[in-house]
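Consider the single chain below, provided in C-alpha cells and representing the form predicted on its own.
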C-alpha cells in the first residue's frame, strides 16, 4: 500500500491515489458560509473504466472474495479503527460539507454510521453455508435414497455504489459495508457536493490493509454514472437518490440484467390520533421535518392530524418550530443548518410560493431568514389548508416544509397516508397502541414508528421502501443478503 494521505487532485483506484485522466475540477462549497472547502477533480469515463477494471481484477483474482469471513471481519474491524481515529476530523468535515448541526453530525452522521459498520464487520463472520432439510426418496429398484443439500450465499462480484449529498458518510458506509463484508469489490461514486467524506473512507481502507481494488472511490458526472450502471463488468448497482434518477439507473442497468438495489424518495405520513400525547407528537413532527434541514428521504413531512386536536397540534408545532436556532452549524447553539445549495433553496421556495398561490395558509416560515446573508438557509415552514393532491402535499420537496392535514376517522387517515406514489416510512401517535399497530399494518410503507419508535436506528432492522421509494432493503439480515446470490448444492449419502 502507498501512503494513506490523499494528495490533492487525486482519485482512489486500485489501492493508489492517482491523477485523473482529465483536467476538469469543481469546488466543494460549505453550504453555511458559501466558502470553498476544497477543489476536487471531476473523474472521466477513463477513470471509471480503470476503477471498474481494478474492482473486477480484485474480485476475479484477488484474495477478498475467497478469504475466510473471519479474516474479512478482522480487516473491516481495522477499517473501523482507522475511521474512529479520525472521529473529530470526520465530524468537522460532515458539518462543513453538509451543513449538519454538530449534535446531528456527531450522532446520526458519525456514531450511527460507525455502529452500522461494526454490524457489517460482524456480518462478515456469518456462515455463508446453510443446511437444507434432509430428503428420503424411494428408489425405483428398491430401498431409499438419503439426500440433502446446502444453500450458499455468494458475493455478486463488482458492486457500484452511487450516493447522495444529504448523509454522505452514513450512506457511503451503508453501501460499502455490506458489499465488502460479503466478499464483493466496490466502486463508490459520491455526490459532487459532498465527495470529501468518501475520500476519508478510502484513506482508512488503505491504512487498514484492505486489499488493492476492493474499494475504489471516484468522482464524475453523468457519463461516469452511466458507465457505472451499464458496464458489463459490473454485477450489481446500489443507488440512493431521487425516484426520477432511480428509474433511470434501473433502466440503464436492465440491458445487462444487473442486480439493482434502490433506496429512493419519500413523502411519509405522520398520523396523530385525537388520543395522542400532542406535545410528544408535535416535538417528533418538528424534529422530522427539520432534520438535516428536511433533506432526508424517510422524514415524515405530511402530518395527518385528527380534526378534534388539529388546531392545538398546529399551535404546538409552531411554538416548537420557533424555538429552533438557525445558523452556522459549527456553532453549538445551532439546531438547524442550511440547504445544500442555492438551487435546492430555490426549489423549496417555489413549492411554498405555489402552495400560497393555490390558497394554502403558511403558519410559520416560508422565506429566507433575516440576518443570514451568507449560506443557503430557509426558514422551517408549516403549511396547512392544502389539498391532498397538491404538489406540496404529494411531491418530495427535500427541504424544511411540513404539510398539515386534518382527518375525521382512522380509515381516512390510512387512506390519505397511502395516497402517495411513495412508501418509505411513516409514524403514528396514539395512546391506544393496539389500534396504532393495526393501522400500521395497513400503511403501505417499509416501516412505521409508533409513538416515536424505538429511539434509535437499529442495525438489525431492515430499511427500505415500497412503490417509488425503492427496491430491496438495507441493514439487517435482509440488507446484508441483498449483496449475495444463492447457490444450492445437493448431494446424497450414497
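Here the rigid core means the biggest group of C-alpha atoms that line up within 1.5 Å when the two forms are laid on top of each other. All of these numbers come straight from a predicted model, not from anything done at the bench. Positions refer to the first chain, counted from 1.
Same protein, other form: the form predicted in complex with a small molecule, not shown, and the subject of what follows.
- When contacts are defined as a non-hydrogen atom within 4.5 Å, none of 287, 388 and 403 contacts the small molecule in the predicted complex.
- Contact check for residue 93: no non-hydrogen atom falls within 4.5 Å of the small molecule in the predicted complex.
- When the small molecule is considered in the predicted complex, residue 221 lines it closely, a heavy atom lying within 4.5 Å.
- Remark: residue 165 counts among the residues lining the small molecule in the predicted complex, judged by a heavy atom distance of 4.5 Å or less.
- Among residues of the shown chain, residue 128 is not one whose heavy atoms approach the small molecule to within 4.5 Å in the predicted complex.
- The listed set 302, 189, 109, 72 contains one residue whose heavy atoms approach the small molecule in the predicted complex to within 4.5 Å, identified as 189.
- None of 292, 240, 182, 321 but one reaches within 4.5 angstroms of the small molecule in the predicted complex through a heavy atom, and that residue is 240.
- Stretch 165-173 is the contacting one of 165-173, 373-381, 131-139, 100-108, since its residues have non-hydrogen atoms within 4.5 Å of the small molecule in the predicted complex.
- Here residue 456 counts as shifted, since its C-alpha moves by at least 2 Å between this form and the one not shown after the core is aligned.
- One change in the predicted complex concerns residue 456 and residue 106, whose Cα atoms lie at least 3 Å farther apart than in this form.
- Pairwise change in the predicted complex: residue 456 and residue 102 C-alpha atoms lie farther apart than in the shown form, at least 3 Å.
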